[in-house]
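The chain below stands alone and is given as structure tokens, in the form predicted on its own.
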Amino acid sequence: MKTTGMADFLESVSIKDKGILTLAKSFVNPPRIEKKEVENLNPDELLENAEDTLNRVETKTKPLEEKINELDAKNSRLTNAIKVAQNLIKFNFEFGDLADSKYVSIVSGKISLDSYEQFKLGMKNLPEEILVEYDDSTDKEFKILVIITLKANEDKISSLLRKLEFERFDLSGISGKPEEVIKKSESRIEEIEKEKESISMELAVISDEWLKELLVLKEQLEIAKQRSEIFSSFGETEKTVMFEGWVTVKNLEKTLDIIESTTMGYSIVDVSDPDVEKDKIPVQLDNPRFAKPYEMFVNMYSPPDYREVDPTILMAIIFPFFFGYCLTDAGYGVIDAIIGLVLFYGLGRNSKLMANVGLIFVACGVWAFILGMATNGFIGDLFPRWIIGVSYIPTTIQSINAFVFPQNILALALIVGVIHINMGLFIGAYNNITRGEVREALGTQIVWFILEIGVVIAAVAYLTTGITAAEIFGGPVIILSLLMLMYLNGPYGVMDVTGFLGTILSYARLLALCLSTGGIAMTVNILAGLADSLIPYIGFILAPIVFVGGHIANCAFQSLGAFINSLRLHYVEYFSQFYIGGSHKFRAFRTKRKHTEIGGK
């Protein structure tokens, strides 16, 4: 705790470069955290080293901290003196005259207008030898009072004021007239600020010398603390120790080898498979490298149950595609991909989370570029209309030109939705069947396959031969699915059909976001053109401002919307078909070193 407090203090007084360029540099190219090679000390040696380091730092910082605290106290008193003097400036009293004497008591302070009226009524019941001076406050809802009375009446006055909203002024240590007090106090405060700046510079030098050393020490102490705490979970006798824990199958042999070599063979190890019914089994996600960043989305929702399929790989494939579908602008896709690369090579150097977010943005940007080039979107209609002078990009697939055939984009979105939902239904059926819950699989997943088959048969029959064939071939299958719903899910199970239809229609949001991105981008282009052509003198200046500002805002909002809605389609529509979750992550007991390394490893 002492090391943490000292490190936090030195961090607060360190010299930090300010400004937009410095902020941008720290975002794009932050300095890599340099690890210090340290010895693997035992706890006693580490504590001795920590005490020595802290004493050496404290010897330098404590006098300066005490000086700063002393200056802050003086600053507080001077600030109070200025506040009191500003309130009493109209009275022009000598503050020394407002001090209590042997026979006279003087009270000064601020009271609200409502309380002031109550004060005047209360004064009628008090002796007459009480002098009340008052004036309006700078705040029109208050009055300033100076009450002069005999000592004998002090308690009565205090009792009355305590019942009201009266703020008493602290006049201790103040002398001179209000204007003089304000002038002297402000001058002294400036001197104090200069003294504090000088001390802060000294502390900054100490911070530069010792902060990294303290961060290293803090990490060593935290690791030692965790190691010490873990032993409380072990069973012990005088000469033996026993512990139990989880290990991933992939690391089982390595773990057994470590135990064997560390104990020189003097150990007994019992390895068993978990009991899925009784044990609370932790989950370790194991995915290919390209899918690793998307594990955080799965864990944000809930780590999967030990017995169900991990959806991370499918999410890694589908999420960027949905993002690109929502954005469908090649220019914005390039911007998002560049942002992803900046995150990966910038903040991602020191943060695994930022590195993962960067990789996700790159994949999303690539899909937005691909789909934008296919659907004729490149910063709205800027590239095709204003750069190459045609109505569409050469790579455009005309049947899905977003500005010409939005109905095809909608149809494609619904088809994608059906495929996505069916993937979830298939995984859900597999999960239920492998757990022996066949009835659950029939009523929750398989029944929808039957209903879809019936609809497809009816549609094909209607398109090829007519309504009668649709009734003959598709009708019985549809009726079978409805009967299954009522039998397996109760009489109201048939109502689930509307919910299932609503789930599929939710994928229409892919079209909505696609059109809003392109529509707003085209609007920005039109407004920029109008500003240039219709506004005299300054139009050519406003046009690029409208263009750049409008597209930055549109790209930011649409990218955020694409990200949120792609995540929603997974969490709400997709996961609801099969996902159980509710498990907890496997957390290996290991050191996480950010500032230190042992033996160069």
Partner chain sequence: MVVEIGLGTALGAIGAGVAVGMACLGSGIGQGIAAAGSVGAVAEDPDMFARGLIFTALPETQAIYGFLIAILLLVFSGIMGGGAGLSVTAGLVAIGAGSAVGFAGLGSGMGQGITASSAAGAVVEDPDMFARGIIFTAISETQAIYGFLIAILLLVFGGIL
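All values reported here derive from a predicted model rather than from experimental measurement. Numbering follows the first chain given and starts at 1.
The form predicted together with the partner chain exists for this protein as well; it is not shown, and the discussion that follows is about that form.
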Listed residue (K110, R509, K212, K218) with a non-hydrogen atom within 4.5 angstroms of the partner chain in the predicted bound form
R509
In the predicted bound form, the residue from P274, G235, P491, G502 that sits within 4.5 Å of the partner chain by heavy atoms:
G502
Choose one stretch from 51 to 59, 65 to 73, 552 to 560, 538 to 546: the one whose residues place a heavy atom within 4.5 angstroms of the partner chain in the predicted bound form.
552 to 560
Please determine whether M315 contacts the partner chain in the predicted bound form, using a 4.5 Å cut-off between heavy atoms.
no
Examine P288 and determine whether its closest non-hydrogen atom to the partner chain in the predicted bound form is within 4.5 angstroms.
no
In the predicted bound form, S261 touching the partner chain (heavy atom, 4.5 Å)
no
Within a 4.5 Å heavy atom cut-off, is L513 in contact with the partner chain in the predicted bound form?
yes
Using a 4.5 Å heavy atom cutoff, which residues in 399 to 429 contact the partner chain in the predicted bound form? It's fine if the answer is none.
F403, P406, Q407, L410
